[in-house]
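First comes one chain, alone, set out as C-alpha cells in the form predicted alone.
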C-alpha cells in the first residue's frame, strides 16, 4: 500500500498539486486522569493516538478521501505531559509519492490555566496510503511546499523515505540469505 509497486500499473491522470497549507491542521485536547499511566503522567499511547488522529485528518484532507496509516517512522517523546495540560497536535503533509504521503507532527503542551507559551513535548513522522472504496491504493495530489521550512521538511522527508526503503531492502535480503543457508527462523 505504499509507493513500491511490484507490478506495472495503469497510467493515472495527473492530479493538480495542493499547497502544504491546504491540509495543515491542529487538534487540541485537555489531558485528564483517564489519560494517565502508572507514573501519573499522560500515557504515551494516548499521545500516539492523538498524533495518528491529527495525521490521519491531514492525510485525508490532502488526498481528498480515505487514507490509512502505513507506518509510524519515528515518535519522539521530549517531555512528560501532565494531567491538566492542554495538548496541541500540529500536523502537515511533508512529502507525497504516487499513493502515499509523509505527515509530520509536532506535539505541544501548555498548562490549561497558565499563559506561558506551549512547550514542544513530542514529534512524529507517519506514512499514510490513500485508498479507494475497495481498499486499493489511489493516487494523491503532489504537495507543493510554500515556505523555506516546508521545502526543508520536504527534503528531509525524502531522506527518511530513502532510509525506510533501504532498511526494508536490507532486512529482506538478510532473511532471503538466511533461508538460502538453511535457517528457518
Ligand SMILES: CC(=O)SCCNC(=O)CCNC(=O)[C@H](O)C(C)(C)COP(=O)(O)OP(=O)(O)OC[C@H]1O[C@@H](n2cnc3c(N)ncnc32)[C@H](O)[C@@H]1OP(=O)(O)O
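Positions refer to the first chain, counted from 1. Everything numeric in this text was worked out from a predicted model, so none of it was measured.
This protein has a second form, the form predicted together with this ligand, left out of what is shown; the following refers to that one.
This form has no room for this ligand: after superposition of the C-alphas round the site, using its pose in the predicted bound form, 3 or more of its atoms sit within 2.4 Å of a backbone or C-beta atom. Across the proposed site, 58, 88 and 152 without exception lack any heavy atom within 4.5 Å of this ligand in the predicted bound form. In the predicted bound form, at least one heavy atom of residue 168 sits within 4.5 Å of a heavy atom of this ligand. In the predicted bound form, this ligand sits within 4.5 Å of a heavy atom belonging to residue 67. This ligand is not shown here, but in the predicted bound form it comes within 4.5 Å of a heavy atom of residue 52. Proximity of residue 82 to this ligand in the predicted bound form: non-hydrogen atoms within 4.5 Å are absent; the residue sits far from the partner. Comparing 36-44, 141-149, 23-31, 124-132 against this ligand in the predicted bound form, the single stretch with non-hydrogen atoms within 4.5 angstroms of it is 124-132. Contact residues in stretch 140-164 (any heavy atom within 4.5 Å of this ligand, taken in the predicted bound form) are 161, 164.
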